[in-house]
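One chain is shown next in structure tokens, namely the form predicted alone.
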Amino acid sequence: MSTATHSLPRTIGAHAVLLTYTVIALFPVIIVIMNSFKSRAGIFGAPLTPPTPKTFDLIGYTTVIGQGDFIHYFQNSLVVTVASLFFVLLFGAMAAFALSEYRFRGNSLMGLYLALGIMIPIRLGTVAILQLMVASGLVNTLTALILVYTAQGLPLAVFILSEFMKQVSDDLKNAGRIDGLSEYTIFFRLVLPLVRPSMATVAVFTMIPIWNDLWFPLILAPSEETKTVTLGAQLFLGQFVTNWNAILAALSLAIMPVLILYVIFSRQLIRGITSGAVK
């Protein structure tokens, strides 16, 4: 009884901290979405209140869809993000399986080398990356963005997935080898299904920086044909006049894929994070 009494204030305090953090994290998102349904006067007159019949206006969304070629920008972002996620998860899982399953000279050094990619920002190599893309003829192509984002996401993917793959039972893999399964079959049919929560965790942590990135689309793919959502939203930012209705509507639409991905993978994401914490 006394233990429960002592733990109650601690539980209340922990929930209060988490609730405060949730409010702080969601407040900007709610403000952006809420004001995207207002007129310009409503945005500046009462930015913290929900839209009323007097201030409700869809001019921002009609402007984005009709003027900014937003659907094309959205498609570009979707192609880049999905392709980058596919390659990050595929190559990251393969590398993690090799590092966790096989013992060879330089195994630990290779893992450390990949971990350095998490600590060193890829933007430090922007000039070299731009020179490489120019020499390869990949400037103003979605391929350039996919290659950069794949390289950016691989270190974290290998670091997380290798720790989870070490927990997969050796007896299960050895039983597969005794039954005559190839290493590829063991990897795809036995190991990958068991690390799906960690794959979901990597997917969410990888997708958000890719989808929200403005740096590399601005440098490597600034043409109209290859603009992404974040770069396309700059269309409504002017030197003297800024169309806040359109900007807030564009940002609200850009938020949707991240929210949808979280809703779809939330259970596996939480399972992956908590299982990692328990270990």
Partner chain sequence: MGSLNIENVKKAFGPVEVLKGINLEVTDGEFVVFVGPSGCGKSTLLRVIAGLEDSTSGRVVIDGADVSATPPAKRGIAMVFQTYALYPHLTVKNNMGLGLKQAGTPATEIDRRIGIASSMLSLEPYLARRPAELSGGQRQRVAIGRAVVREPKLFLFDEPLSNLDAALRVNTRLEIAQLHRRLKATMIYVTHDQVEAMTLADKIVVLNAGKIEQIGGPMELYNAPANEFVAGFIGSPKMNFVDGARLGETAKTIGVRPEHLTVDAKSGAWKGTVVHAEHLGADTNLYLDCEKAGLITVRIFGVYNAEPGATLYATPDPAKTYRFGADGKVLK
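Positions refer to the first chain, counted from 1. Computed from a prediction, not measured in an experiment: that's the story for all the values here.
Unshown form predicted in complex with the partner chain; subsequent notes refer to it.
With the partner omitted from this view, the residue of Met110, Leu194, Val139, Leu78 that lies near the partner chain in the predicted complex is Leu194 [heavy atom within 4.5 Å]. Residue contact check for Ala175: one or more of its heavy atoms lie within 4.5 Å of the partner chain in the predicted complex.
The partner chain in the predicted complex comes within 4.5 Å of no heavy atom belonging to Ala115. For the chain shown alone, Val168 is not a contact residue for the partner chain in the predicted complex, no non-hydrogen atom being within 4.5 angstroms.
Not displayed here, the partner chain is approached by Arg103 to within 4.5 Å at the level of heavy atoms in the predicted complex. Exactly one of the stretches 70-78, 158-166, 180-188, 198-206 approaches the partner chain in the predicted complex with heavy atoms within 4.5 Å, and it is 180-188.
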